[in-house]
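Before any questions on how it binds or moves, here is one chain, the form predicted on its own, in structure tokens.
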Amino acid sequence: MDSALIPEGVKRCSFGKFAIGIIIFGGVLLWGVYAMLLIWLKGLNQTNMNDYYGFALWIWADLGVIALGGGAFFTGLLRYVIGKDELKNIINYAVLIGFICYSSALLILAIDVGQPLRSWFIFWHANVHSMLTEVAFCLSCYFAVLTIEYIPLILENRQINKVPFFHNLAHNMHEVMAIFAATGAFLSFFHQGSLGGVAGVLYGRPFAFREGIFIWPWTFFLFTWSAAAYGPCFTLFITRLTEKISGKKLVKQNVIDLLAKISGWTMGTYLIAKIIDTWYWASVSAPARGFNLIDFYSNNPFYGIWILIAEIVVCGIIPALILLTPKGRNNSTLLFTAVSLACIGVLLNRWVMVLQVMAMPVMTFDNWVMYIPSWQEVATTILPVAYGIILVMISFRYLPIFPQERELNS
């Protein structure tokens, strides 16, 4: 029965191995669900959030997965709006990864709210002056777009597609997918930017505060820019990881090369803007308010000056240079190293814009405040990872994710 569900012409591991993987990650998933229920039933006292850390590990994870999921909207924009037809061979996986990332972000927000039964207040009693209201609206709408983009893949399952209604529905949805891709790019631009804008307008937190254009701080544009640059790197990273685990070639090199090259140029331009922003912030904005650059960093291992060097140089300039050179893109080891470093780089950026903002003292009597998440926070942060792995396993096994797989492995 299982073999009848697998896409025709491709090979998958035995059902026994597949079931073992599902059980292992399912156990991790259940651990996270248990922690989630504790938080929902007993409240946010299950966390180590306090008067300093109103944002905690969850919000870093939330901003991180949203940035990594940016590969969906940017790849969709390139494929359906700009017309890079080669990317049709990787767009399915980009949509799946985006679907996982955005559903994970919404799950994290539901946990962070503490009272999920009141989540509808965001929509019914919206604070129209809050950037987070825009984020909530755009996140929800874009997740709906990703769901619409993911549905045709489910309908193309070998058995489901035999039903004429589902076959025709999948075909017709593909025909209008450009509309949803353009809508998704529009929604993503605003919610990615607003997430950065929230940090940029924190006047009482000089580490995050930025100058800007009209009402928008620089971070509004930098967050959107970084998601477009680093999101495709996460798509390439997961694609290469899937190839290594499955032992199969899934996407032709010209497709990988094109997406990596575009990501490299986008990353390069972003880094120029990021370096200018950092220089202006450190030499103009901060001194005008009585701070020096070194004041923003501590000797402790979590908030040291090393994190700035790691984000911009090690996980920024180095992978960008690799992706911009043909030799770097064509070398499998260098490419995998570059996209791995890039993913770490954007996660570091979100780390400092969420947690270091809270840790730095802003009063003369304050000290650097350390934050260690509770096991419940750790479990619920790992929960979306386990969920994502399970959904990738199921989708890879039963859905025609990679159009070129049969040709490459025949």
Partner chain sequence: MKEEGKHKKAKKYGMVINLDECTGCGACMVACMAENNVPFKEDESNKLDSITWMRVYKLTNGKSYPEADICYLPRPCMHCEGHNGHSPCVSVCPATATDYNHDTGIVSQIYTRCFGCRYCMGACPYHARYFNWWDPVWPEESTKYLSPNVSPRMRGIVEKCSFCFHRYQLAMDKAYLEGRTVLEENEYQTSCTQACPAGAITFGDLNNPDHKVHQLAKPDNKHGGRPGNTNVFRLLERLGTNPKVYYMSSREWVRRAGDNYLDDEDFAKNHRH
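Rigid core here is just the name for the largest C-alpha set that superposes within 1.5 Å across the two forms. Residue numbers count along the first chain shown, from 1. All figures in this text were calculated on a predicted structure; none of them were measured in a lab.
Just so you know, the form predicted together with the partner chain exists too; it's not on screen, but the next bit is about it.
In the predicted complex, the partner chain sits within 4.5 Å of a heavy atom of G114. Using a 4.5 Å cutoff between non-hydrogen atoms, T133 counts as a contact of the partner chain in the predicted complex.
Taking the partner from the other structure, the partner chain in the predicted complex has no heavy atom within 4.5 Å of any heavy atom of N300. Mapping the unseen interface onto this chain, G247 falls outside it, with no heavy atom inside 4.5 Å of the partner chain in the predicted complex.
When contacts are defined as a non-hydrogen atom within 4.5 Å, all of L41, A126 and L202 contact the partner chain in the predicted complex. The contact residue chosen from P206, G304, G212, G268 relative to the partner chain in the predicted complex is P206, the criterion being a non-hydrogen atom within 4.5 angstroms. Site annotation in the predicted complex: the residue of I82, A288, I276, I309 reaching within 4.5 Å of the partner chain with a heavy atom is A288.
Residues of just one listed stretch (316-324, 238-246, 289-297, 90-98) have heavy atoms within 4.5 Å of the partner chain in the predicted complex: 289-297. If you take 360-383 and check each residue for a heavy atom within 4.5 Å of the partner chain in the predicted complex, you get V362, M363, T364, F365, D366, V369, in sequence order. Comparing the forms between the shown form and the other one on their rigid core, the Cα displacement of T333 stays under 2 Å.
After superposing the rigid core, the C-alpha of S298 moves by 2 Å or more between the shown form and the other one.
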